[in-house]
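Take a look at this one chain, the form predicted alone, written out in structure tokens.
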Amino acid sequence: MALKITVIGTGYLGATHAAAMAELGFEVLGLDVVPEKIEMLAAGRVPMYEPGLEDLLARHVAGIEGSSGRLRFTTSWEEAGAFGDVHFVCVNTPQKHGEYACDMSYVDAAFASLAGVVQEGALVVGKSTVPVGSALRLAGLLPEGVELAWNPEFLREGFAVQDTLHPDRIVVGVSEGAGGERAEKVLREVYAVPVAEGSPFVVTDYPTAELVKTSANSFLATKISFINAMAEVCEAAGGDVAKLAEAIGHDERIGSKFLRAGIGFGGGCLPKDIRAFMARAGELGADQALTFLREIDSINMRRRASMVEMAREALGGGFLGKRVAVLGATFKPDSDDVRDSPALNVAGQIHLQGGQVTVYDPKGMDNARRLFPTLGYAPTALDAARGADVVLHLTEWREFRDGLDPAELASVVTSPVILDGRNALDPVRWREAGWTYRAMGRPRA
């Protein structure tokens, strides 16, 4: 008999996981406590921008013409409990307000509700990013005869569908003994297709599985902040951080990915995950092991202030009465996510200091307006730049990198000065079009 799967929480992670499980051939029921979200998903629409996700939903949501009908959504815990053989918990774990620690209230509430309806013999699988030690505690909330496994997610926004259907690794944390063996067997069945395609299947204990996600994000954050620290040194020494990154990236032990200097990382994962990791290490008495992450976080936040200062310098020392065009609002391209966005943070700082800021982003405009309603917004990059005294490139969308015509943009600005906060534009092309081009950690000409 084929496994039936529920997905608890239908945000970015849960909606993607539910659609992917249906694509892999399973009957899937997604649950959320927000009725509006369920109504939207049941109509085949998603509350966020993620390339390919809406098409995937349309192929499987019941009631949509031509779909497989394998995917449905509900707000009923009783229905979910009766339906599922495997329950994936995909709820959010944000940073606590005013603290570094992770807010586990949504996870705890999901487990408490699920514990009251889950059927004996079912498998509960945690996918949320949680502090190490959480799985063992949460396992104690489940009734006897219900096993827990921990299966961390490794989704990249903009590539979430690909990462779920064709993961670069599948990590499964299980308990010791027969229960853990059964959990491993069930999850090998769930992920049979990607495993057959070559995705590694790594089986660990609970703590190791929980540490994999936060360790991976901490490593990536360290690599980003390392090259940004080198950009600061290059600026002081007159070096070129882009050439430096190219040179060290040829070392196969280092690699070239995540070595583009700029205004740093943001979003809903890296910043809050490294802070929660530090907080949890302190609780475990291992805080000295992660003190370096404080400097990683500090370097990252400092890059935003550095971009504001670079803009101030380009404008002759002040923002008052100056028009500033900001290209990019999301924390990364191919997403509409503006959570902890360096681009919006820079735009907001300049606005507070008297600048007239106009923002354009291909996908993040609505979310940006909700978060920063006092900024100006334009329907195109050209409109954002009209009359600008300086243009800031802060999110590396392909539309900006490949689609902008420097000569056309120069014709609408007051002053052709562009500050590349992502080191993604071609300096030669922009300078040949008459622009003063500056980027963090690179020579002025």
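Since this is a predicted model, take the numbers as computed values, not measurements. For every residue, the number given is its place in the sequence shown, counted from 1.
Absent from the display: the form predicted in complex with a small molecule. The rest refers to it.
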query: Any non-hydrogen atom of residue 210 within 4.5 angstroms of the small molecule in the model of the complex; finding: no
query: Exercise: residue 323 in contact with the small molecule in the model of the complex, heavy atom 4.5 Å; finding: no
query: Residue 266 within 4.5 Å of the small molecule in the model of the complex, heavy atoms; finding: yes
query: Residue 243: touches the small molecule in the model of the complex, heavy atom cutoff 4.5 angstroms; finding: no
query: Option from 101-109, 153-161, 79-87, 235-243 whose residues, in the model of the complex, bring a heavy atom within 4.5 Å of the small molecule; finding: 153-161
query: Within 4.5 Å of the small molecule in the model of the complex, all of 226, 229 and 299 (non-hydrogen atom); finding: no
query: Single option in 118, 350, 135, 270 placed near the small molecule in the model of the complex, where near means a heavy atom within 4.5 Å; finding: 270
query: Among the candidates 274, 125, 259, 122, the residue which, in the model of the complex, approaches the small molecule to within 4.5 Å (heavy atoms); finding: 259
